[in-house]
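Shown next as structure tokens: one chain only, the form predicted on its own.
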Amino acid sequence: MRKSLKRLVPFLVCLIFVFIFLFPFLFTVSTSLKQPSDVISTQPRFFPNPVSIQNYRDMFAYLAFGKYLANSLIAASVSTIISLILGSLAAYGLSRFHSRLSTFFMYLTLMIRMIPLVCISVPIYSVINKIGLRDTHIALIFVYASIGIPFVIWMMMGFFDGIPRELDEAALVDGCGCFGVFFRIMVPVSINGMATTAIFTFLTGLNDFLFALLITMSGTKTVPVGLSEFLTEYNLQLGPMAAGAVLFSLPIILISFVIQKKIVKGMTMGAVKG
């Protein structure tokens, strides 16, 4: 009996925490399936009764969701690829070749990462506007990659530090150059860490609202900016906004389920020194 209770209590505690973390998303899903009149009812209910897809119809009628989702995915995906390649190369160099300059660069990237994004939003807007890249995918990709590279460097340094140097030396003896060691040895060994880092970098770009609001207009508007159009000084359409938020979260949920094993392995890999 005591053994059963010892197993049951941690399970119930974990179940409570899971529900607490999932409740906002579950409530959003529930809101998206309610009738428009029930969404703003003074007596709110968690479960929709009856279930309605009217909010999804209104969302697609008022919002070019497909176009905005494509803009978000393009900017986030390309910037993630650029950040992962450049950041991983820099992280590998900092992990394997120590010097005063590399130490300075390492702390410089940390300081850059610590700067609040709102502090650099106006200078970035001014630069993008002056060079004529406003309302382009290139501008979003450039900004998101600049934000993601310092994060990738610090994340991947932990993974590379956990890989024995003997692998590098063996590859060099076999005739590989520095780039050969990186792409043939380091990348396959640290693929779990790269997958984890890529997910977090991708989420940063996908969920961005500040820079997308500043440097996009109708041509490259992203989903977070598009959803904000349901909130005006004259009207608040919570139902269509909830429907858009649910659809916007589906790509991340699907990607996370597909590579969840790599994410779990990657989160523990960087904590162990080789």
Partner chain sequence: MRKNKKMLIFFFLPAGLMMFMFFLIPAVKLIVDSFFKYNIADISQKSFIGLKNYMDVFTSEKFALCVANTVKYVVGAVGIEFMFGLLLALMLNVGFKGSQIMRTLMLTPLMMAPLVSGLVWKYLLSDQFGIINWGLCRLGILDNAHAIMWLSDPKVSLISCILADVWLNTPFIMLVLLAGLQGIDPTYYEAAQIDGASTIKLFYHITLPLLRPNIVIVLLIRVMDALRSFDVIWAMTQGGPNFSSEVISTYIYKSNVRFGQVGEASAMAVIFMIVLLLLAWFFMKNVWKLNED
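Treat the numbers as computed from the prediction; the structure is a model and nothing was measured. Positions refer to the first chain, counted from 1. C-alpha atoms forming the largest set that superposes within 1.5 Å between two forms make up the rigid core.
Another form, the form predicted together with its partner chain, is not on view; read the next lines as being about it.
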property	result
4.5 Å heavy atom contact with its partner chain in the predicted complex for all of Arg7, Leu86 and Ile128	yes
Selected contact from Met106, Ala195, Val78, Ile185, since only one has a non-hydrogen atom within 4.5 angstroms of its partner chain in the predicted complex	Met106
Residue contact check: Val51 to its partner chain in the predicted complex, 4.5 Å heavy atom	no
Contact test in the predicted complex: Pro44 vs its partner chain, heavy atoms, 4.5 Å	yes
Partner proximity in the predicted complex: Leu203 to its partner chain, non-hydrogen atom cutoff 4.5 Å	yes
Close approach of Gly132 to its partner chain in the predicted complex, 4.5 Å, heavy atom	no
Interface residues of 193 to 212 toward its partner chain, as seen in the predicted complex [heavy atoms, 4.5 Å]	Leu203, Asn207, Phe209, Leu210
C-alpha of Phe27 off by 2 Å or more between the shown form and the other one on rigid core	yes
C-alpha of Val225 moved at least 2 Å between the shown form and the other one on rigid core	no
After fitting the core, Pro44 CA displacement of 2 Å or more between the shown form and the other one	yes
